[in-house]
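First comes one chain, alone, set out as structure tokens in the form predicted on its own.
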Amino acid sequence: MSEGKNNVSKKTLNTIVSDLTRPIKNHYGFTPWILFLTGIILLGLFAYIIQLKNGLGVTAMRDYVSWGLYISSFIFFIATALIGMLISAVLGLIGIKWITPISRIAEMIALGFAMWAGLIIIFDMGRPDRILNIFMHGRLQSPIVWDITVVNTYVVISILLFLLPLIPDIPFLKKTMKDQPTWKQKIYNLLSFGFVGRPEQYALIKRLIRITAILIVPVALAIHTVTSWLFASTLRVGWDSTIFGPYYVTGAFVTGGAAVVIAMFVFSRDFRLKNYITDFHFDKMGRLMVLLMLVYLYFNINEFLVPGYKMKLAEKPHLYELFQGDFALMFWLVQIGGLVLPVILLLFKKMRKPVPSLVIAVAVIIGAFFKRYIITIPTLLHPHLPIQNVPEEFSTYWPTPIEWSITMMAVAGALLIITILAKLFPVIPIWETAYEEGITTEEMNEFVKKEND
């Protein structure tokens, strides 16, 4: 028996089903949290209506800084969404067993952030009514067309990768949720797809999960690689790089990993799932984060050391702004507080416990957000031709309250999707947990039939 199973060993199927469905039935903090997220979304919608009415002039974006907080947030959301591929697909395909309690959590995060990533692109458009032109008249040579294509494809596959492992849980939900509202039971009936637990159905589900997991790997790699090409395909200082593809992908894994650690802590405490999401899982995620951050740190060193050593004429003012200029404080806080220190701290076993892991993950994800800001804004403030004979506001950029409100709406929207999914379905797979505890499919079917009787 592995260390990660010590707390759930010898539990009956009845106990597992009861523990994992309890948060769906009784969760007293659900309503205030939903109201809080809804309030942020309504404030963001109000801000967006103002932006639609008055145009992008209500933002701080101008002729030079034409990509601002919205595009920075888009990169951040896409980065966070990639964790679903890493946990469910890559680690799942190579047979890593400890991911079972967190695989669905990773997919919920991927789904919430990927869905809102596409909406952020619309927020950035001055004429969102022209969005169809991208599909009707887009050129195959345009990275933007490919970016939107892979984003939508990733959302569809993420939905499949979330729903397929959920199907064997539906019979348990249908039998234990009889006291829940009728609309919930209708959802469960719809998503059961006729699954009754026959061996051939389990075999088919496992085969489909494997196929979907294989398909999502190239799509996920493409989604952030193409996003990086939106920058790297230009000649701008700071973006003119050949390593932006792997640089973005490794950074995405770090961002998504931090999001999963935060969600693990919240669900284990708030949903009372400490016996399923244990210290063992936090330790494993901490080890994984160290590996991911070391790779990402390598790319960061390479990205700044090489141009810094050559110090081309155009590179000098850009690097100066990052290292000791207006963006220096943000840059060094991101690099040291959001990357170097977390790597060092997570090397110690005591720091891979739940509470220290949460604090470190929060620091990493905040650093990851502002890292995308640093990638986007300073480069736009250093065009090849000097900025001259324009108002002062054209040569600086700081997001307006309108931009912050809309961005926070996107964050709240992603969290709302995750919250609703967690309220409708178990955040930990029932059938996979039971299977790893040695409970056979025949015993699961017998349990469901007995509940029927």
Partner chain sequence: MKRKNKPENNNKNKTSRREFLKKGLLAGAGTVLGGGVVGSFNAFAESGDTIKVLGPDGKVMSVDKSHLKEIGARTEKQMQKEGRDGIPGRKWVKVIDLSKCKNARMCMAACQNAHQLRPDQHHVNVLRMDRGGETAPFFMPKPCQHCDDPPCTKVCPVDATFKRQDGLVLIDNERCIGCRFCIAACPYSARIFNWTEPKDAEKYEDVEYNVELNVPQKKGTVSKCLFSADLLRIDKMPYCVTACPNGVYWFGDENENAVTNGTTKETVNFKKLLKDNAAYVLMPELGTEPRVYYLPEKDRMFPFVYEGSTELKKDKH
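Positions refer to the first chain, counted from 1. Everything quoted here is computed from the prediction, not taken from an experiment.
What follows is about the form predicted together with the partner chain, which we do not show.
None of 74 to 82, 293 to 301, 134 to 142, 177 to 185 except one has non-hydrogen atoms within 4.5 angstroms of the partner chain in the predicted bound form; the exception is 134 to 142. Of the residues Ile94, Leu347, Leu235, Ile336, just one reaches the partner chain in the predicted bound form with a heavy atom at 4.5 Å or closer; this is Leu235.
Using a 4.5 angstroms threshold between heavy atoms, Lys423 stays clear of the partner chain in the predicted bound form.
Interface membership of Ser395, defined by any non-hydrogen atom within 4.5 Å of the partner chain in the predicted bound form, is confirmed. In the predicted bound form, no heavy atom of Asp279 sits within 4.5 Å of the partner chain. Using a 4.5 Å cutoff between non-hydrogen atoms, Tyr64 counts as a contact of the partner chain in the predicted bound form. Contacts to the partner chain in the predicted bound form (heavy atom within 4.5 Å) from stretch 336 to 371: none.
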